[in-house]
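Taking the form predicted alone, here's one chain by itself in structure tokens.
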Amino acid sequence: MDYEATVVALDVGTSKVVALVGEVDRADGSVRIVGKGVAPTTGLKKGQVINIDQTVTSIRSAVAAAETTSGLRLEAAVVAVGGNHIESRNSRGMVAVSGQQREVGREDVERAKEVARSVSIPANRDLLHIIPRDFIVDGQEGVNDPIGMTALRLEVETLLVHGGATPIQNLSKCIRLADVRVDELVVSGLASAEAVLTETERELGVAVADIGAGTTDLALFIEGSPFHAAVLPLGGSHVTNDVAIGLKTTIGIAERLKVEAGSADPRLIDPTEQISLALADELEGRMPYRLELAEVIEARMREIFEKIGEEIERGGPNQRLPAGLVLTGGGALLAGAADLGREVLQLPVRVAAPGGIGGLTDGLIDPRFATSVGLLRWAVRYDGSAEPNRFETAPVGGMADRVRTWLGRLFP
């Protein structure tokens, strides 16, 4: 393979920081992982920075590990941004085609996008994405690429995704203090979608929910494009807290009970089955039934699915999602999660791990790494401007070497 570009992904989450280095094959856009680093973090809560120093330390640890495995010095990265300050809205922009031959050009597309983004957004919000969903050429809908078409009027339907300026600035500051430059901020839910959704699901209509430690990132797609993105302030840590309270134990033991013996669907549990002896030792000899644990977990997971359903209705009350819901993130690994989701949402539900990558994939083909892998694939799929973005890396101890990633141009 002829690898042309190197891309770096940085996912700063509530429970961990993940740094991935990928090489992009210019022939087909495939990505090969050449470096990875994972570090725990306690500096975030619900996806937002609450301690600068702790967050910077975690980022540096993950980046250092990725540099060691890749042999590259990481100078810039595509960064995931989450937290329940993320919001989205759809907007339309319309312009008259300016060319002498009335042919739609790149400048016409950019002007239409500028009109679409001119909607009023509060001063304390930062615009993160302007994603064209559909072009309309002289009333003709469903145009994917209008460039070169003859027209008098060009319209574009866009998804605008924005977030709170303060949490975004705090995250960017932490990354800068860790000696990494932010090349692009990508909403976590959209990044996760890149890692786990199929093209058929995108076309039919689908929701993807990444259940992380502190939040659940949600993105909705129809006809191949995202039309809604949101973040729910509920995640796996809330389930763990409920278990700790319900079984009167510590957070650490509750997490272990949830992972090793828990289920989100009590119907799957034998009412006479008790927690294993090894786990019971952690509970000081008390032998609760697994059903008791499952009922505690089910209550919180049901709430999460109900909130997902409410957000789906809010984002597209007239949109149907024949492909249902795709679950990913650490919370998707909980036994019975998909079964409970089907019951609550009355939709097809599947659990998905990231795919479409090669190289150092040990441990990465796991729902917990959907966002970080998705960031690399986002860099291949999307280009938010007319020019390709650039990412810088350099051999450790060597001169900086600027490399080019052809975002959006690997698939002409």
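When you see a residue number, it is the position in the sequence shown, counting from 1. What you are looking at is a predicted structure, and each value in this text was computed from that prediction instead of being measured.
The form predicted in complex with a small molecule exists for this protein as well; it is not shown, and the discussion that follows is about that form.
Out of the listed residues Leu268, Val259, Val119, Ile251, Val259 is the one that sits within 4.5 Å of the small molecule in the predicted complex by at least one heavy atom.
When the small molecule is considered in the predicted complex, only one residue from Gly163, Pro146, Pro226, Gly236 comes within 4.5 Å through any heavy atom, namely Gly236. The chain is drawn here without the small molecule; in the predicted complex, the stretch among 136-144, 103-111, 331-339, 155-163 whose residues come within 4.5 Å of it by any heavy atom is 331-339.
Proximity of Gly212 to the small molecule in the predicted complex: non-hydrogen atoms within 4.5 Å are present. The small molecule is not shown here, but in the predicted complex it comes within 4.5 Å of a heavy atom of Gly47. In the predicted complex, the small molecule sits beyond 4.5 Å of every heavy atom of Ser88.
When contacts are judged by a 4.5 Å heavy atom cut-off, Arg368 counts as touching the small molecule in the predicted complex.
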